[in-house]
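Only one chain comes next, encoded as structure tokens, the form predicted alone.
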Amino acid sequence: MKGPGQRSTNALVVLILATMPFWMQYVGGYTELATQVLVMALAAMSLNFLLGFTGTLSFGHAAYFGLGGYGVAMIIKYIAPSTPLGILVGVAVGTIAAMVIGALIIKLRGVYFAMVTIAFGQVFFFIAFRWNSVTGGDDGLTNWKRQALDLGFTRVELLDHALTFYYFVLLIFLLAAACMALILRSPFGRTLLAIRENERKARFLGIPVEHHLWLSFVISCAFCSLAGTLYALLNNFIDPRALYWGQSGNFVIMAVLGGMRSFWGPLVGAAIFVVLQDFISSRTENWMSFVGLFFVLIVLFFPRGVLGMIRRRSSQ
């Protein structure tokens, strides 16, 4: 059961997100930037499912993020102009890839696991980079756009209405977050916490550690693929940079920045990262230096992240 404090926090998060397009302008933002915050927050939360709640670091989540993006783009461009079908196929492609790759690497631990995830991610990056006739190569996949939702009794236009698309993404984000929370509160989620705290004791208790880690990896990548489909739909464009390992690094930064072992921490980290990136990059080409310095300061002085710092001060 959720306590009253957690319910209040959830309600506050929903209220802030539901009103974000209206107050975003007061912090120098706009509706599309608010949508990008949601997309990147979902990607960071998916990584945190593996990193913060299972204790396994992946530097290859951009591969599944990009596969989701290319999946939805290719469906709309080459097969059928359907946004829901594109999202389903994008998530399916990323999840199937995670199932296969996870089975190959699940016995690895620590830095070895992280390095192999980068290697597999780079394989997908170079495929997208070289396969010009299908993926568009370095120029990206263009000449497609997100389609309206046909609900039978009405059509919801997503292309020319940034606010409508924001609430479409918000609905998917909240459903995904609710699914993640349910999984983490389930007995399976509790075993993931046990593995994170002490894998040897978990194994001694009879928990099939490799199987649980594989499932955690697949679930995490499935949510990341979903974020990738929304990213492609937001931009009506996808290119190999979505698959590059540097994108995975951004997800790690967001998760650590907000607070790894907190459910909503990656959302806070993503909001700070995306808004800060947009603000600084409009003023200097060396924006990553400033973001990197900010990240270093947070890690040095607030190792539990921004949300951890807030909670610590409120409890004093």
Partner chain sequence: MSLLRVENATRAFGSLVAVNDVSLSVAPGKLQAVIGPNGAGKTTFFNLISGFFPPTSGKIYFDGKDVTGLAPHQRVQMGMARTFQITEIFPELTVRQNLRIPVEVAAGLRLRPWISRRMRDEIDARVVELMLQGNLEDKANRLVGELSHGDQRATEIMMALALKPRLLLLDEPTAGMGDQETYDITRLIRKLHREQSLAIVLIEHDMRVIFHLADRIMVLTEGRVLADGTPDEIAADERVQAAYLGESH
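Note that the coordinates shown come from a computational prediction; the quantities given were computed from them, not determined experimentally. Positions refer to the first chain, counted from 1.
As for the form predicted together with the partner chain, it is not shown, yet the points below apply to it.
- Of the heavy atoms in P208, some are within 4.5 Å of the partner chain in the model of the complex.
- Not displayed here, the partner chain is kept clear of F153 by more than 4.5 Å at the level of heavy atoms in the model of the complex.
- Put simply, R190 is close to the partner chain in the model of the complex: some heavy atom of it is within 4.5 Å.
- Shown alone here, K201 lies within 4.5 Å of the partner chain in the model of the complex, counting heavy atoms only.
- Scanning V93, L215, M74, I106 against the partner chain in the model of the complex with a 4.5 Å heavy atom cut-off leaves one residue, L215.
- Only one of L234, A222, A194, I172 lies close to the partner chain in the model of the complex, with a heavy atom inside 4.5 Å, and it is A194.
- Residues within 4.5 angstroms of the partner chain in the model of the complex, judged by any non-hydrogen atom, belong to 175 to 183 and to none of the other stretches in 79 to 87, 222 to 230, 111 to 119, 175 to 183.
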